[in-house]
Each structure stands twice: as C-alpha cells, then as structure tokens.
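The data below hold one chain only, encoded as structure tokens and taken in the form predicted on its own.
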Amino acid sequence: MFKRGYDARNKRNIQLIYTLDITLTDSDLTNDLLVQFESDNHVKATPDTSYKYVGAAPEHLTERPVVIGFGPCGLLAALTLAQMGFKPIIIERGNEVRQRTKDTFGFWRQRKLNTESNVQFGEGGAGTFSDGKLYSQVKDPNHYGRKVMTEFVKAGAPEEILFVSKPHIGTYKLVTMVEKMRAEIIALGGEVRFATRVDDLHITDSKVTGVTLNTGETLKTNHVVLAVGHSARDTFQMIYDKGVYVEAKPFSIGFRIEHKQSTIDQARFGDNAGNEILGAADYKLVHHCKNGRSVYSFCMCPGGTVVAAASEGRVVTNGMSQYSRNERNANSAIVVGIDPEQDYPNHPLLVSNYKDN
C-alpha cells in the first residue's frame, strides 16, 4: 500500500482511495496483464522514493558543521549530516526532551515558565508538543518527505505514517522517537550540547568562521545550519546586527477555537461518523475578505486540546493531539494573513513595534 485516503465530499457515499504498488512476475509479463495495466490511465510507474545523499565527509575532517537548534529542522539536518559522516555539533538552548517535558508540564500545571526550556525551546522543538502532523501542501516531486517518514518509522513511529494521506504521531510517541534519533546522531560521531545558546556569529569576508556560545567558548566552523525556529527573537536580532540579510516574510496571526469532536465528525461523515477507518474528522476553512485579506483555519487538531505555548512574557497558544486523537474536543487556529509590505514595511524584525509595546 503506497497511499490511503478518502473522499468525503458526499458524506452519504464516502469513498476510500488506495494507491497500491504492484510487482509483476515473469509470467505476468508474458500475458495480457501488463497490457491491461499499460492501457489504464490510473497506472503509473512506481516512483523512486529512496533518498540520495549529495556527498560524503572527507576522510580527514578538519572543521565540523554546527547546527543551531534541535527542533524538527535541526534534528533532521543533523541526522543527515551525521549519516554523511560530518559528525555535526548541535547547539540547543533548551533541555533534552525528558527534562523539557517536565519543564513544559510545570508551566502548564504550576505556571512556572522556564524561558530557556518550554514548548518552543528544547530537544524536538515546538513540534514535540503539537499534533505531530507530517504533511503539508508543498509539492515534493523528489520525495524528500519520504526520507523524514522513513527515519521516523525507524525511530519507532507507526508504519502507517508511510501511507496514510494525513499522517500524524502525537507527543507521547514523539518523545521516545526524538531520543532514538539523537542516539543515532551520537553513535555516528555527532555531539549534542543542551542548555547552551549561540550568542555570537563570527563572519570574515562575508563567510562564517565560527560561533561563540553563552558559556564563552568559541567553536571554529565554516558551515552553520541555522534552525532556530520562529521564537528565538534574540538570535534573529543578533544575526541582523551582524549584517546578515534578514527578509520579512508573510505570516499569520489569530486565535484558537474549539468544537465538540462529535459535531465535526457528524458534519463531515454523517452516518459514517465514528468509523474506525475514518477516525476523527478534520476540516479546512478559507474566507477571502473584500479588503484583500484571507482568513483561514490552520493546524486543525482533531480530538485534541488547546495548550499554552509561551517562551517569554507573552500570551501564546497552540493546539495538540495525541496519537489516538480521542479527546472530547477538536481545535483549530483561525488566522489572518499579514503582509510585510503593507503591515510592517520599515523593519524585518518589527524592532520598533517590539520596543514600543
């Protein structure tokens, strides 16, 4: 089974859709079966989804690459570099995932915010305390996403993420998986430093030459992977002050809403609500306003919960679901697009607004 999804546009006649890989034997090639396949418009050659490494580390590696941040981006970048033999050094300002889990639950249950280890900062990144969604609307003709899925399954994720149309994992499974991926990086010669922050980036003749840590130590390197996520404001300010080009990108802002999951199931699936194959229903909403803005749903979490997700003195919310997605409510962000040219044209980091507020 290569992929499994469903078409629920007509909730009275929901269709399951399967894409299958079929291997033909020598006898199949000599009869009419191959001819039948070749004449079917739905039949295509199975794509090559194997990952192709772009190179390998030299035998005598003099300077190791530094990966800043150990969230989803940093984790996969470090793992791939390690598999290529580059023995990366990973710098993560938060704690390892077990301690970070304690820090995060301390915030949720006791209102004790650790500004360096929380929902945003720490091993696994914000995705560890989110729904663990593993799909996007970005086209992937080279099947790079398959590499991610394969590594996750190797680390203990359910094999179904390789073929279901909207795969997800959930926080409790992710914690163990992240630990196993870290162990592989270390086994391949990589190094992970937790509770350590990059405070300075050294640049000579427009080239990176090293980084200075909050411990005072300087690491010499000519390759840096910046994987700090969206909440490391101090790091963004540092690289901006160093003269690194920083470009404002469109983003969205809004709020979280909740509904009863049973209501969503009934609206999407009708009498088929509760079917084990369909699971908890999701939805997607879009509204195009007369003023040119768009309002839409984002990070919809079926059978999940709304959680506090601050990393500093601001109110931030997120949504998450466990693998079972069996909580009473569904939740979704409802957000509006923000255009940098229209809404904050003077500074890519919103520094003036940040200071004023």
Ligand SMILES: Cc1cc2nc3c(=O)[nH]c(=O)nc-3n(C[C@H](O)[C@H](O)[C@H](O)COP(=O)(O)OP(=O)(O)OC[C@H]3O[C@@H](n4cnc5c(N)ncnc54)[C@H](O)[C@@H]3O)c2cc1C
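In this text the structure is predicted, and so the values were computed from the model without any measurement. Start at 1 and count along the sequence shown; that's the residue number.
The protein also exists as the form predicted in complex with the ligand; that form is not presented, and the subsequent description refers to it.
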{"item": "4.5 Å heavy atom contact, residue 73 and the ligand in the predicted complex", "value": "yes"}
{"item": "Residue contact check: residue 331 to the ligand in the predicted complex, 4.5 Å heavy atom", "value": "no"}
{"item": "4.5 Å heavy atom contact, residue 98 and the ligand in the predicted complex", "value": "no"}
{"item": "Interface membership of residue 152, the ligand in the predicted complex, 4.5 Å heavy atom rule", "value": "no"}
{"item": "All of 119, 196 and 228 with a heavy atom within 4.5 Å of the ligand in the predicted complex", "value": "yes"}
{"item": "Interface residue in the predicted complex among 235, 176, 83, 272, criterion: non-hydrogen atom within 4.5 angstroms of the ligand", "value": "235"}
{"item": "In the predicted complex, segment of 247-255, 279-287, 153-161, 73-81 with a heavy atom within 4.5 Å of the ligand", "value": "73-81"}
{"item": "Residues from 56-94 in contact with the ligand (non-hydrogen atom within 4.5 Å) in the predicted complex", "value": "68, 69, 70, 71, 72, 73, 74, 91, 92, 93, 94"}
